[in-house]
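One chain comes next, on its own, written as structure tokens: the form predicted alone.
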């Protein structure tokens, strides 16, 4: 068994268990509200990193997949009154199909041209929803919540538990991709795509898989939004802010490892919620300063800093051990 496997699976089991058990402590409802947002960004940043970090294709269409997931769940809710688990499954399927479709259309492009194409995809989908009267069009639609699922006192606590499960699922998938042949192939095409193709790496197939998985996770993260906010409208759901935040979290946390984007998401999303008491501009200042610091001083993000500190401590121990042997 690989090193770190047991602690990871212990964490994967404890996070949803803790999310389910925390209401027993009598915590204020507001903490569940902001914790949901933090975990939501963990899913989005981790999903973004599967394509943007592992494959090196910078995607600005996060808001498109997130919004598509929210509206897919909304349609299933309005038409069939389906339970939340079905809504999430349908949203993930829609996101995966969107990822495949967008990948087939855009992955022949590279660099800045691919990034611009993902923005165009987001605009097209938002325009379609703006003119779809069944879901309220530009004015949006108000959601009437049904009864709370058995075992939970409020919708916020239930959705916090659901998002914790989605966060764990996204981390499990990202970790598997990083340590499998998929991750090695994506790393090869990120470093030198032409050389990878010449070596027989199925680059297009790998990129399509990354697009589908990334899109499915982003859409799944958006599926609980109608129940969470009780109101859905296109301009906020398809906001470019989701794309910028997911990218910033992955870059600041570190794109080399599966846990880097999650670390960045927890740091930035938490600071966003607490900085909201001052002003939104203050949080933008924090994110901007962190990005400048990472680009200049720590290109590997927080993951790189942590690894550098670990390597430095190991080197110091080896130097001290060598010195004691010489004496």
Partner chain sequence: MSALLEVKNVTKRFFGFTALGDVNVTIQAGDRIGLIGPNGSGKTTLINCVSGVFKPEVGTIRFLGDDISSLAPHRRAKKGLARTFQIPRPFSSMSVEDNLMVPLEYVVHDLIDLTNETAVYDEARELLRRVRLDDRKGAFANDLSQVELRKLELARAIAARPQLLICDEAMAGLATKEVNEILDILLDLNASGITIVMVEHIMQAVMRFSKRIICLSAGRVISDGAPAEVMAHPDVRRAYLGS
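Quick caveat: nothing in here was measured; it's all calculated off a predicted structure. Numbering follows the first chain given and starts at 1.
Quick note: we don't show the form predicted together with its partner chain, though the next part is all about it.
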Could you work out which of 79, 112, 194, 144 is the residue within 4.5 angstroms of its partner chain in the predicted complex, going by heavy atoms?
-> 194
Checking 248, 236, 164, 187 against its partner chain in the predicted complex, the residue with a non-hydrogen atom inside 4.5 angstroms turns out to be 187
May I ask you to check whether residue 206 falls inside a 4.5 Å heavy atom distance of its partner chain in the predicted complex?
-> yes
Quick one: does residue 231 come within 4.5 Å of its partner chain in the predicted complex, counting heavy atoms only?
-> no
Can any non-hydrogen atom of residue 151 be found within 4.5 angstroms of its partner chain in the predicted complex?
-> no
Taking 4.5 angstroms as the cut-off for heavy atoms, does residue 201 touch its partner chain in the predicted complex?
-> yes
Can you pick the stretch from 177-185, 86-94, 133-141, 67-75 whose heavy atoms fall within 4.5 Å of its partner chain in the predicted complex?
-> 177-185
